[in-house]
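For reference, the chain that follows is the form predicted on its own, supplied as structure tokens.
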């Protein structure tokens, strides 16, 4: 029978519930257990797909095409496992399902209420995510006391009564603030947060205490007594240089004891390889500087998966990857050389809309002409094709119809129909709604023999990577591009997946998002090769 660990948060948001949940999952996974994770988001959006990156951070895409919260990306990166749509759901999805069932007569004329109907829907989704795993770690977004979270709290309380006591555990992540003027750490916010949990009917079995200062023994004793939690289950969670240190910190804090005691099992993780990778992150032998050209630099969480992928590659190459943040709009103003001239490699990330596109084009031209290693992801590949078409083919008005629907040379265009990753035909036009009309999820591609793409991925014929985009490279220009020296080195069912430049030491553009499949223990091949090339160019 699956054992459930529920992770809730108190006092305020952004305390690191996701990293806490992922770290506990890592410890259990490295102990030999079959582990999965679930993120519950209390907002009413069906998914974060239509939210601005500046509003919500990155949208993470699962292999089966679900647009999810960025915490799901952290889960995959920590436990080295591919998750699916059932590993994440929102209030919007829950209410959508309940209302759809009611409209279809599924409730046989009953009055639909939060209890039991909404709560039952939540419980069904939680049980479905368990899927015969030894452990399912569930993170509930938001903060205890939020009105949006009450139906989910009730579901957690109900599950506790439906299962044996040793099969569910409640972990509460809370803040222990330091009041500088008083020179004291304060436990009162956590006490009130736990009181609110208990009022709802949930008793925490463990407290993970986020703090900027080391917690003294007497304060831990006070927390244990006032919150009715075992003394061994008060876990300090201080700031870490790397998020991948957190599982190691938890083990040092003695988290294995309350976990083992509560579930009455032996938990003995083998963290040797993990420890080596973390040491490579903290004290690397080499370093490189990569110019990261983007337009969402006000909130770097917009590029969370890509930043983490570079860290993974650095850990495996014993290299510190310094990210030189380059605002594409600033490049438009002062030119590429002044902004990115001292970088060892250039990365142009994905994005939507025409803002900052000219600066990205200048960065790509600089990389091409100066033989600097280049990796373009999604829009970064599309802009590489536009730049090549304009400056090498001489098609001065070549563009994407995303930016100019009347361009005479639409080298990037919107296909009317395509087969999605589940094998169904999808139709999309300019009038299609934004949500759910992109090419999403995992698609196969075949690297061209002897290409940089194949050298990175290996000699197998078919590989899979994830997508999140609406526009495609136009195959009508394939022949002209290849005659001029830009090779199509990856294709998927006739769609262009990767391009390279023949007379360049390493210039690769990919339509997919390789960062979505990069994990600490298994970095993505093309990003790993890109960092190797940056090292070689240093």
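Just so we're clear, the structure is a prediction, and the values are computed from it rather than from any experiment. Positions refer to the first chain, counted from 1.
The form predicted together with glutamine is left out here; the points below concern that form.
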Exercise. Sort through 484 to 492, 25 to 33, 469 to 477, 42 to 50 and report the only stretch with a non-hydrogen atom within 4.5 Å of glutamine in the model of the complex.
Key: 469 to 477
Quiz item: Would residue 382 show up as a contact with glutamine in the model of the complex if we use heavy atoms at 4.5 Å?
Solution: yes
Practice problem: May I ask you to state whether residue 127 is within 4.5 Å of glutamine in the model of the complex, using heavy atom distances? | Solution: no
Quiz item: Would residue 315 sit within 4.5 Å of glutamine in the model of the complex, counting heavy atoms only?
Solution: no
Practice problem: May I ask you to state whether residue 402 is within 4.5 Å of glutamine in the model of the complex, using heavy atom distances? | Solution: yes
Self-check item: Partner-contacting position among 122, 378, 156, 290 - heavy atom within 4.5 Å of glutamine in the model of the complex
Solution: 378
Practice problem: Could you check which residue among 410, 350, 441, 359 gets a heavy atom within 4.5 Å of glutamine in the model of the complex? | Solution: 350
Quiz item: Looking at glutamine in the model of the complex, which residues in 493 to 517 have at least one heavy atom within 4.5 Å of it?
Solution: 513
